[in-house]
Each structure stands twice: as structure tokens, then as C-alpha cells.
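So this first bit is one chain, no partners, the form predicted on its own, shown in C-alpha cells.
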């Protein structure tokens, strides 16, 4: 089985970081995977998206054009990519920043106020990880244990003190 995931938002929202966590989770579960970042030249504040493919079989192309899962962190990303989600797919989005018109009946929507939850829990920059928690709750793509191992792998040693905050953010997402 292959799962194609597209994460999209503004540069600085942690889109590429979240995608890298998903990729490492696939690696730890002995899956085939690809991680393809894409961002504008201005990076922070510009557009950023990331294609992640996780599969039991070799992956033919790392580019995700019709995702099974869309994780949208801002309105322009939601508006641009929701129409591309494969029928039967799932859309996870930050409902603090996105006013979504849920017009498609062939996909499932999972709004979560991830930016507000991050602020309320003093988890600056944790909205992306809260969204990942919601994804693993609703899809069972990975276990909580695998997700925590992925976070430990991706967080650089210089920011190891933030691992606990990331674990907290995952659990907030899973509980909302």
C-alpha cells in the first residue's frame, strides 16, 4: 500500500520539518519512502510544501500530485490543493487560520485549531506537530511510539530541549 501526503503552508510554519518527521517514521517502520521539499526563494513567509510518499513497494515518483492526505497550514495552501486530493482522501487543516468551504463530499475533512492550541499551551511553532498528532489519530499511519522516535531523530541536537514540547504537541493533536 502507498500513502501519498502533501503538506503545505508558508515558509516558517514547519512544513518541511513535519514532512521530514513523517519520512523518518516511514523509515523506522521499514517502509519505502520519499521526501521532496519545495519552497519559494524567499523561504520564511513564502510558499512551502512537501511531498511525502510512504509505501510497501518501491516508489516510482516522489512528486505527489493527487494526495491521499493533505495537511494545509494556511488558506492559500488549502485553496490551492484541496481540489487535488484523491477521492476517499483526508484533509487536515489549521482551522484557526483557514476558513474552509467543505464542498467536496468524496473526501473527509479534519479541522483542528492547531495554531490556537499551540498558543494556548505555550508551544510556539508547534502547530505543525499538533496537526501530525491529529493525522496519526485519524489515520493510524504510524503509532505514537514511532512518531516520538521520528521526532527524536529529526530534532537537531542543538534543540534537543524542545523534544518534550514536540511530544506534548503530538498528544494535543491526538486528543482533539
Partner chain sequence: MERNLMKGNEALAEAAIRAGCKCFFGYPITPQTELAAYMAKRMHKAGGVFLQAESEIAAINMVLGAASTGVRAMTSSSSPGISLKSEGVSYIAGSDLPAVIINVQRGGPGLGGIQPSQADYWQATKALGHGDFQLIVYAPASVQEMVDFVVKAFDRADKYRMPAMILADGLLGQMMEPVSFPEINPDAYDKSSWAANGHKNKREHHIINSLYLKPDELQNSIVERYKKYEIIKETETDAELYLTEDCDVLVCAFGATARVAKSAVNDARAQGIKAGLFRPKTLWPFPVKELNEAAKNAKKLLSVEMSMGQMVDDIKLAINCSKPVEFFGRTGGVIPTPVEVLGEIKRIGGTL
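Positions refer to the first chain, counted from 1. This structure is a prediction, so every number in the text was calculated from the model and none was measured.
Form predicted together with its partner chain: not shown, discussed below.
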Which one, 113, 138, 119, 32, lies within 4.5 Å of its partner chain in the predicted complex by heavy atoms?
-> 32
For residue 10, is any heavy atom within 4.5 Å of its partner chain in the predicted complex, or not?
-> no
Counting only non-hydrogen atoms and a 4.5 angstroms cut-off, does residue 109 reach its partner chain in the predicted complex?
-> no
Looking in the predicted complex, any heavy atom of residue 126 within 4.5 Å of its partner chain?
-> no
Evaluate residue 23 for contact with its partner chain in the predicted complex, applying a 4.5 angstroms cut-off between non-hydrogen atoms, and reply yes or no.
-> yes
Can you tell me which bits of 58-76 touch its partner chain in the predicted complex, meaning any heavy atom within 4.5 Å?
-> 59, 60, 61, 62, 63, 65
